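Next up is one chain by itself, shown in structure tokens, the form predicted on its own.
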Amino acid sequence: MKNWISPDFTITKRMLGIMLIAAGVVGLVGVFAIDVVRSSSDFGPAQQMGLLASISMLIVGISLLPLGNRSA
């Protein structure tokens, strides 16, 4: 793996997958944290869209992991 400062550095599909998984987990935690802070029992439309986006990022990220070290 090359140094990320190097001009020849490229993001691999595995690294992109890991970044998407991390973003999806942060999004899921954030949606549920907002629900706890608001102490409501129902999810509004914005929370549902955030939940859908976070789950989508997780699915895409997981699907990129097996593709290995090919450049994205």
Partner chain sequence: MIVTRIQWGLLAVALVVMTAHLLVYIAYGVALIQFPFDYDQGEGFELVDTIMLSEGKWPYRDNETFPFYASNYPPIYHVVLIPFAWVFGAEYWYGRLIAFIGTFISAAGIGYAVNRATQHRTVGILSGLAFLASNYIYHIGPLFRQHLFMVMFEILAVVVLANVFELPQSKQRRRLIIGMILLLLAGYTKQLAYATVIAAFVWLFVRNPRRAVIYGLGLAGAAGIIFLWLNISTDGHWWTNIIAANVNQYLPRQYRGLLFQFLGLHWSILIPAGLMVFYELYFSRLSLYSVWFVFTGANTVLAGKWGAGDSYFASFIAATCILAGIFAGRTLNGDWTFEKNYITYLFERIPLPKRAATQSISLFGLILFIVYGFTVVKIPTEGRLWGSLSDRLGLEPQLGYRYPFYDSAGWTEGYATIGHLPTEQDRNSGWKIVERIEASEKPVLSEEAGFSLQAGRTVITNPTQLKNLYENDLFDPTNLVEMLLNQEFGLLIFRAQFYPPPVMAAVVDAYEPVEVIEMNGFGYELWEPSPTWQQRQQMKEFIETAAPDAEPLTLEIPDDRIDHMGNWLQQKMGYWAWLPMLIPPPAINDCPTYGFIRDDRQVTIAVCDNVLTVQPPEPFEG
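Given the structure is predicted, the values throughout are model-derived calculations rather than measurements. Numbering follows the first chain given and starts at 1.
Here the subject shifts to the form predicted in complex with the partner chain, a form of this protein not shown in this document.
With a 4.5 Å cutoff on heavy atoms, R14 does not count as touching the partner chain in the predicted bound form; it lies far away. The partner chain is not shown here, but in the predicted bound form it comes within 4.5 Å of a heavy atom of M49. When the partner chain is considered in the predicted bound form, V60 lines it closely, a heavy atom lying within 4.5 Å. Within this chain, M19 lines the site of the partner chain in the predicted bound form, having a heavy atom no more than 4.5 Å away.
Residues I5, S6, P7, D8, F9, T10, I11, K13, L16, M19 of 5 to 23 are found to place at least one heavy atom within 4.5 Å of the partner chain in the predicted bound form.
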